[in-house]
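Encoded as structure tokens, the following chain is the form predicted alone, with no partner shown.
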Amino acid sequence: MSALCQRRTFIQMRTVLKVVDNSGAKKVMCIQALKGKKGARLGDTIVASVKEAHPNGKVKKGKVVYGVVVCAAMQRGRYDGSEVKFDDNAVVLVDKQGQPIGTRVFGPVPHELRKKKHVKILTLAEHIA
């Protein structure tokens, strides 16, 4: 399959995601989506394993963490008829209670996270899409 006609699907097991906060991790691999049978979409929580990390960050390589999907390549319809989708899959690391581990969130964050009760991530974000 070429890159132009690549199929955009759910975030499922073994999907590698970019981390867009300053928790210390660079890339994580999804172990399990915590809601839904098919996989995770925008705003869903996943369990992931850290694959790449900064040497002096809060989380280390190999640690199992929770994350909230803030950018997904799969499109998501909005109530006004428009659709939101991103170029890559990205995640913000959170603890079991849903509080972010990092203190900053980089890049655009969709306002759909407000409905999913992730208001703390929206307050840390620099740009809300």
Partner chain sequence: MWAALRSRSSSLHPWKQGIAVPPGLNPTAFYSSSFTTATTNKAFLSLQEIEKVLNDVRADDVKVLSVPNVHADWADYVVLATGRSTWHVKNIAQALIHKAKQKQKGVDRKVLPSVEGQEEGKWIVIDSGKIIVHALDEKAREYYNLEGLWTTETSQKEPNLELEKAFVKIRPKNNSKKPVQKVA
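Residue numbers count along the first chain shown, from 1. Computed from a predicted structure; not experimentally measured.
There is also a form predicted in complex with its partner chain; it is not shown, and the following applies to it.
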Whether residue 97 contacts its partner chain in the predicted bound form should be assessed with a 4.5 Å heavy atom distance threshold; does it? yes
Is residue 58 near its partner chain? Define near as a heavy atom within 4.5 Å, in the predicted bound form. yes
Test of understanding: in the predicted bound form, would residue 39 fall inside 4.5 Å of its partner chain by heavy atoms? no
I'd like to know if residue 119 sits close to its partner chain in the predicted bound form, meaning any non-hydrogen atom pair within 4.5 angstroms. yes
Its partner chain: the contacting residue among 53, 74, 101, 47 in the predicted bound form [heavy atom, 4.5 Å]: 101
Counting any heavy atom within 4.5 Å as contact, can you tell me which stretch out of 62-70, 79-87, 25-33, 39-47 lines its partner chain in the predicted bound form? 79-87
Only counting heavy atoms and a 4.5 Å limit, does any residue of 12-44 reach its partner chain in the predicted bound form, and if so which ones? none
